[in-house]
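First, one chain by itself in structure tokens, the form predicted on its own.
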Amino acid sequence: MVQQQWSGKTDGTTWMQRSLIAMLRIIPCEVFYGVLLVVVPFYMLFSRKSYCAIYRYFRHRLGYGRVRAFLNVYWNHFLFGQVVIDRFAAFAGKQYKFEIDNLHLFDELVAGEGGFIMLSSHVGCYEMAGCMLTSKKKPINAVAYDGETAVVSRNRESLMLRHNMKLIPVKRDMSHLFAVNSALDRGEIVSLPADRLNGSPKTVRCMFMGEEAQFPMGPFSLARVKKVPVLAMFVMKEGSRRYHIYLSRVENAQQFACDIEATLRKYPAQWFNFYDFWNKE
């Protein structure tokens, strides 16, 4: 089976994205949230595949009735639009409030000698952690999709540089793996996604939301080979300018899957994998 993929590219033309950043410097985010209330129904109408995937998530994974599932699909798309706006607002210099659970886990590993891995997922808005969870002692090397627009890539890298972070773009020739290995050998931090296959044939099956699903084996194999600790991080939106960061130690893929599930039970509408994650074809 080859798991379907969500493209991962932020919507909009370069001009639109540049204009959004400029407007967010003077206009409150809440104004754009209000626009989303009108835009979301049209997005749902013309994005049938993503709509159906999220609808099945609410119906079959969470057991919602038809009406409740439909309403939550709308809320899910609305929240996704908000976190996208928040990303651009961060590029524009807007500030957010953060509450962090288990910050000591991060601080202890930063204070140690060796490197470590931080796992991200498409739950909440992981990128917002770059505004708050930073390390002066050890650079954070963020492994990220290499197909973003020039506006997003340029602003993301600028934000990272201000917080002692570096970008490792995912390459088709897998050359990014050399950069990841080198960073860990230098005792630095590597942040990488661990809930999408991205074409990798090496997978591990985990029980997730009541059924087996495939997760990439790479991040967990890397941790074993390098003998480095692993942290899972979830950055969940709780208000217009407020996020909650959850940190936990992870030993294997199944534990990571359980952590994602526990987070989704608390924030069910912040699942942003817009394809059939459990597809067996």
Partner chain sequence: MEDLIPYLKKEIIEVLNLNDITPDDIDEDASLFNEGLGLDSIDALELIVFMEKNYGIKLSNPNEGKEIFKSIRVMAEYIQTHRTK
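Positions refer to the first chain, counted from 1. A quick note: this is a predicted structure, and the numbers were derived from the prediction, not measured.
Form predicted in complex with the partner chain: not shown, discussed below.
Every residue in the set Asp185, Leu222 and Lys226 has a non-hydrogen atom no more than 4.5 Å from the partner chain in the predicted complex. Lys202 is the sole member of Lys202, Lys97, Lys136, Arg205 with a non-hydrogen atom within 4.5 Å of the partner chain in the predicted complex.
For the partner chain in the predicted complex, the listed stretch (174 to 182, 85 to 93, 69 to 77, 98 to 106) containing residues with heavy atoms inside 4.5 Å is 174 to 182. In the predicted complex, the partner chain lies beyond 4.5 angstroms of every heavy atom of every residue of 25 to 52.
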